[in-house]
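Below, in structure tokens: the form predicted alone, a single chain.
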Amino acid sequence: MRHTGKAARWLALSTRLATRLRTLQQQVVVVQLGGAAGTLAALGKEGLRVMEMLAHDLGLGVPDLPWHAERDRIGEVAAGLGVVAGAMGKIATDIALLAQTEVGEVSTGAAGAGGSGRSSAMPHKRNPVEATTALACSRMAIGTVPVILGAGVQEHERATGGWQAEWQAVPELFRFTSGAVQWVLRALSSLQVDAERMQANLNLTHGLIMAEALTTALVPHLGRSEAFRAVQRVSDRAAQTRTNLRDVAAADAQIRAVLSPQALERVFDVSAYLGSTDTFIDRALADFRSMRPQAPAR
């Protein structure tokens, strides 16, 4: 359940990004036809009609005015892709951290496949290659965004250098962002969760992760301030003696006076302390499923 909740946030993030990109596409993907000075003078009275016909043939929107030297639309695309790349980098970082030897809660890649994460120096080790590559693509994409935004400073109706810089930067931004998405997809498609290791990691603090739950259970009996002090006292004792917090709490006279053994057992049941996790997961899934497939571009 712990990583199900994390995966739900990854899904919600990705759903928001897909929705924003679709909205952005509708707003910025328009034709550009303006002639030498943005007036369509060479086409006489047929200029606007020609622009509309060109937009129709290309499957693009029709702008109010020619916009060759106003690069706000290009900048919005760059910023949007930069946000996508950053989000993919966040997911990739989560996966890489969870795959660390000290944590070991997930692994990626097919077991036994020589090119999918096996260390060349340590045969037992599987590196999170997919997440690592996704993170590299993410950083390259984000680093390209300032180039495109800087290219938005253009002279009058024709750029000197800015437009030309975009020719290199825009394809690279799409390439790196697409790479980040694809590598995250590969990582998630091959993700393997070690539930036993998760449980072992939850037990590393000897119950201290449930200090909040214990405080919450004591507040109705002792009040907020006194409950906090009581839990702080037994938590310090548990840490100093390396004893499970539940056992220390059960031996504490003040806590024992207001919480029965059965109540303490419920307090320290990690699986029961999930709050609204199920609701959040359902919301993330519902939002994802509500997205309608977008019609292909003409």
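Quick caveat, the model's predicted, so the values are computed rather than measured. Numbering starts at 1 and runs along the sequence shown.
Omitted here: the form predicted in complex with another copy of the chain. The next part is about that form.
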Checklist line | Heavy atom within 4.5 Å of another copy of the chain in the predicted bound form - residue from L218, L188, V145, V181 | finding: V145
Notebook entry, point to check: Could you tell me if I209 has a non-hydrogen atom within 4.5 Å of another copy of the chain in the predicted bound form?
Noted result: yes
Next item on the list: Verify the contact flag for L40: yes if a non-hydrogen atom of it lies within 4.5 Å of a non-hydrogen atom of another copy of the chain in the predicted bound form, no if not.
Entry: yes
Notebook entry, point to check: Does G161 reach another copy of the chain in the predicted bound form, with heavy atoms at most 4.5 Å apart?
Noted result: yes
Check: Could you tell me if S138 has a non-hydrogen atom within 4.5 Å of another copy of the chain in the predicted bound form?
Finding: yes
Margin query: Where, within 145-182, is there a heavy atom within 4.5 Å of another copy of the chain in the predicted bound form? Residue list please.
Written below: V145, P146, V147, L149, G150, A151, G152, V153, Q154, E155, H156, E157, R158, A159, T160, G161, G162, Q164, A165, Q168, A169, E172, R175, F176
